[in-house]
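This document opens with one chain alone, in structure tokens, the form predicted on its own.
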Amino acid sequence: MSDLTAVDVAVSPETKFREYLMTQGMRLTTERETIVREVFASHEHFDADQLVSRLNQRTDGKRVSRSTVYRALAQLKDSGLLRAVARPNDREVYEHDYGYPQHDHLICKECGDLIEFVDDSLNEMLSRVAAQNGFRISAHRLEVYGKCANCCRPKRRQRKTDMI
């Protein structure tokens, strides 16, 4: 779970998704609404399998097929409500792109851990570089790959007494 707090938005994710679907000639079905509510129930990074698992654990009887989840995730991404942030282990990991502050990521290549951070000096540096090049920034996305603190720790050697 991230330490970042959600940003107040005037329109709910369900309403934004309904508006997007209308522009595509589609409607917000009960299944799509269930998916949007589950996705925006908490801010955590997730992949499609984790979302399917969470939806299957619901006790309200609202079931959604795996294929509907995959299609809805693509639509949520196209609508600007979600974005894919990383691809550890060949799986797409998503996060909210609506109602959440601008932030960047540190991604551990060993364990796949995602660390969110905000650094104003980074924004200042990007603004300075953009100004030097006559470039207007509309958004940025930074993903830094490496090893997290846990993975950098030296591995404990197994002693003969541990094997007894």
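Counting begins at 1, following the sequence as shown. All of these numbers come straight from a predicted model, not from anything done at the bench. The term rigid core refers to the maximal set of C-alpha atoms that superpose within 1.5 Å between the two forms.
Same protein, other form: the form predicted together with another copy of the chain, not shown, and the subject of what follows.
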4.5 Å heavy atom contact with another copy of the chain in the predicted complex for all of 10, 37 and 48: no
So which stretch, 116 to 124, 66 to 74, 50 to 58, 27 to 35, is the one near another copy of the chain in the predicted complex (non-hydrogen atoms, 4.5 Å)? 116 to 124
Touches another copy of the chain in the predicted complex: residue 41 (any heavy atom, 4.5 Å): no
My question is simply whether residue 21 lines the interface with another copy of the chain in the predicted complex - judged by any non-hydrogen atom within 4.5 Å. no
Taking heavy atoms and a 4.5 Å cut-off, does residue 143 contact another copy of the chain in the predicted complex? yes
Is residue 83 close enough to touch another copy of the chain in the predicted complex, meaning at least one heavy atom pair within 4.5 Å? no
In the predicted complex, residues of 122 to 139 near another copy of the chain [heavy atom within 4.5 Å]: 122, 125, 126, 128, 129, 133, 134, 135, 136, 137, 138, 139
Checking residue 27 here: with the core superposed, does its CA move 2 Å or more between the shown form and the other one? no
Using a superposition on the rigid core, decide whether the Cα position of residue 61 changes by 2 angstroms or more between the shown form and the other one. no
